[in-house]
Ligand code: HEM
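The chain below stands alone and is given as structure tokens, in the form predicted on its own.
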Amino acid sequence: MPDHELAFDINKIDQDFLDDPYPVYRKLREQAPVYRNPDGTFILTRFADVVKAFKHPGMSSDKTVDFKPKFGDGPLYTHHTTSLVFNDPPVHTRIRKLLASAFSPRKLTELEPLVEQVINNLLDRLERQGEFDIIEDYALALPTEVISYMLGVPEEHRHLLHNYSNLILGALDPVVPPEKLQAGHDAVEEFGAMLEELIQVRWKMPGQAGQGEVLAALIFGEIDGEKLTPVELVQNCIFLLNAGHETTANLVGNGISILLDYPDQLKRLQNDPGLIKTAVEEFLRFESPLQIGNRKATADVEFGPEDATVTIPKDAFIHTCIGAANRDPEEFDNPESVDVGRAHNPQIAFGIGKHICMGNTLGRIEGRIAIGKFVDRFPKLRKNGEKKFHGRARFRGLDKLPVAVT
């Protein structure tokens, strides 16, 4: 079927798509797996093509040119073109090495008991409440606390972090109203100013870092005689909030929501807690927290099935639909069903290749402990109202998920 008969435009997505994008993904994957959007960009929905786009040397993540029309010269442009994710080697390689200290085995060993402590405290509070919202009271609270410890953010400022992350990442959606763009600029400036103060304190007193804090390692870390510049340090601390906060919150919220929608799988996990590891991988696959990535072609590259390849030309912009790829029946058996014990599950929710999410190990640790302990603590878990997705295309997560546990 020719592309135009699908009548899809990623720049004109509606509420139905935001609530449930998977029927559209399925049509694109089946009818036009290398789909040319009306604006000339391309959309990839097959697993094999998305993996190829992430690994191919002819694909670029650098957005110094592409983000200029959208963000101008403002704080959002500075942030998104300085942080790790939207850069290519050698800049990407250098910054990734300098950020690696935040996710070293030693730091993860320090963080795991802290994660458990935060989760146990949250669960105790939720048990006393009996009725609560999973997203606000649990899924968002966990990564906010953890990233606050990592960046040394005082308790009195932690309530601001979710909104900062939401506004900065929301500006990456295909279409963003002017008022939301301005709010994103303001969020970068405000959080950046807070971080500059925290960095100055840690610079003067490096030995006063708390458990799990990585700020000193980022300030003083050095690779081949190079350190993060002051701008790189601030912007990549913002990046750590965004990367760790959004993905973890969505993983935990989506995971518990999936179990409520599939009570047989909830019962299965309750009866066999050892399935939590494969269950988390299944939640990442079935409702991928990051739904749409992007690349820019630096050379002509062929995509699509062997009998119907399409050449994406040099300089074309590509939307890589992770949410569609993770439900591709060519890669996953019964992809529209949930199987918490799924054996073959090469899901790519955290990406793949040189740009794989640096925090994927920490995210999995948080997901396994948060969902596993929650299911164990509340065997009478039930829905207590309608769930609602937060309504962003690039990231998939809930805004509300009311439950009762007694």
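None of the values given here were measured: they were computed from a predicted structure. Start at 1 and count along the sequence shown; that's the residue number.
Here the subject shifts to the form predicted in complex with the named molecule, a form of this protein not shown in this document.
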TODO: Tell me the stretch among 377 to 385, 43 to 51, 30 to 38, 351 to 359 that has any heavy atom within 4.5 angstroms of the named molecule in the model of the complex.
DONE: 351 to 359
TODO: Find the only residue in L84, L98, L126, V214 having a heavy atom within 4.5 Å of the named molecule in the model of the complex.
DONE: L84
Task: Contacting member of H92, K227, K107, K296, with respect to the named molecule in the model of the complex [4.5 Å, heavy atom] - done: H92
Task: Residue contact check: L240 to the named molecule in the model of the complex, 4.5 Å heavy atom - done: yes
TODO: Determine whether any heavy atom of F103 comes within 4.5 Å of a heavy atom of the named molecule in the model of the complex, and answer yes or no.
DONE: yes
Open item on the list: Taking the named molecule as it sits in the model of the complex, is L251 near enough to touch it, meaning that at least one heavy atom pair lies within 4.5 angstroms?
Closed with: yes
Task: in the model of the complex, P289 touching the named molecule (heavy atom, 4.5 Å) - done: yes
Open item on the list: For the named molecule, considered in the model of the complex: do all three of L140, T144 and G255 come within 4.5 Å of it, counting heavy atoms only?
Closed with: no
